[in-house]
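A single chain comes next, written as structure tokens; it is the form predicted on its own.
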Amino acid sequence: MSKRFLLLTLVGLLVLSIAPMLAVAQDDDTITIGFLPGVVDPFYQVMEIGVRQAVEDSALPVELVVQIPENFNPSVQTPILDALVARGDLDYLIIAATDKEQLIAPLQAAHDAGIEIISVDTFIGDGDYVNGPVTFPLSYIGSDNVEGGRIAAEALAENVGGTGKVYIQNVTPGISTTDQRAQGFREGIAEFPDMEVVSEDFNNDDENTSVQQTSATLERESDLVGIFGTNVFSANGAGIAVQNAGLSDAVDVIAFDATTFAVEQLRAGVVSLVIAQKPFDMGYLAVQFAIAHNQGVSSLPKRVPTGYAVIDIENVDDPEVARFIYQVE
């Protein structure tokens, strides 16, 4: 049994242990939970499905307040956060912080106002809510993103024979998840002496920018053999640029996040590997944590890694793997 599976099993048992308390809850003890993801995209849409399912499954009365920023940007997310705090009725806030440093102060203010914070997908500070510089959030539920980057590097290296130049298509510096994915990818590629990361671009979570940046890199680096797209729009844009350039057979693309578009590119031979996170689990567990804490559970883990499913052309039709594709309809 893997450590991740064991941890999730223990978390599930912990939450289930409060069922007797939930069954006798009074109707006027409504828990108000805010959900503030990073942006509108398939990853966070699936996370919202998990959040809503957990609310529906709850034996306690839960009111859910959802606000979704139009752009993945702390200057957009922070005013929405401040408005949620100003409501004065939130008990818990489930949030994917859009910057690991810039969101510390507004989230500290939310906590000081009596709102318990649960991080999903991204974290603030260094993500160590036990011994790190930021410890007030209840928990961080999300992927091990350094490991995800290493998985991408090893897969890409294997596909290209351990030789050649590769490129990182990223979002914005300061985002905990994508910073770590790029870190893990660089560390993984460094294990192959005949491989080199030639450059890294930041698209500000805009697919069109990703296409333009990748196209320019393909023109500049005629011997490029691979690209790592660190999130939904980065991977989508990289795949489109490779396809537009007619280089699907020459440049290998590893896509982080299992959107239906990424899977279409996998089937078309543009993308060779799709790394699926588990956003439904993140959202579902976050609501369960809020309810458990509300009922007096004090032993919730500060860090819950939710793991990955690695999808390739050989297993994409396996129901046990395909269920991790981000289906939002």
Partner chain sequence: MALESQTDVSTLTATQQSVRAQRHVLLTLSRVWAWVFLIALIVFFSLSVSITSEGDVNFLTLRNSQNILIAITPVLLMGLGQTFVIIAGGIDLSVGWVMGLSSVISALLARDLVARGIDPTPAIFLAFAGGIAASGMVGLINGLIIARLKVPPFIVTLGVSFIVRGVALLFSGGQTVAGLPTQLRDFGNESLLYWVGGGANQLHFLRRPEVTGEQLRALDRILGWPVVITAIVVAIAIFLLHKTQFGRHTYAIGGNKEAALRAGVPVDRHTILLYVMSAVTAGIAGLLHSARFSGGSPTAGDPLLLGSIAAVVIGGVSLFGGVGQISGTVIGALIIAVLQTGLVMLGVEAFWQFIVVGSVVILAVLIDQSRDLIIGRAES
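Residue numbers count along the first chain shown, from 1. None of these values were measured; they are calculated from a predicted model.
Just so you know, the form predicted together with the partner chain exists too; it's not on screen, but the next bit is about it.
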Heavy atoms within 4.5 Å of the partner chain in the predicted bound form: which of the stretches 123-131, 153-161, 139-147, 217-225 has them?
-> 217-225
Heavy atom of each of 68, 113 and 281 within 4.5 Å of the partner chain in the predicted bound form | no
Verify the contact flag for residue 231: yes if a non-hydrogen atom of it lies within 4.5 Å of a non-hydrogen atom of the partner chain in the predicted bound form, no if not.
-> no
Any of the heavy atoms of residue 240 lying within 4.5 Å of the partner chain in the predicted bound form?
-> yes
With heavy atoms only and a cut-off of 4.5 Å, decide whether residue 90 touches the partner chain in the predicted bound form.
-> no
Report whether the minimum heavy atom distance between residue 270 and the partner chain in the predicted bound form is within 4.5 Å.
-> yes
Interface residue in the predicted bound form among 204, 75, 135, 183, criterion: non-hydrogen atom within 4.5 angstroms of the partner chain = 204
Pick from 63, 264, 57, 29: which has a non-hydrogen atom within 4.5 Å of the partner chain in the predicted bound form?
-> 264
Within 4.5 Å of the partner chain in the predicted bound form, which residues of 32-51 have a heavy atom? Give them in sequence order, or say none.
-> 40, 41, 42, 45
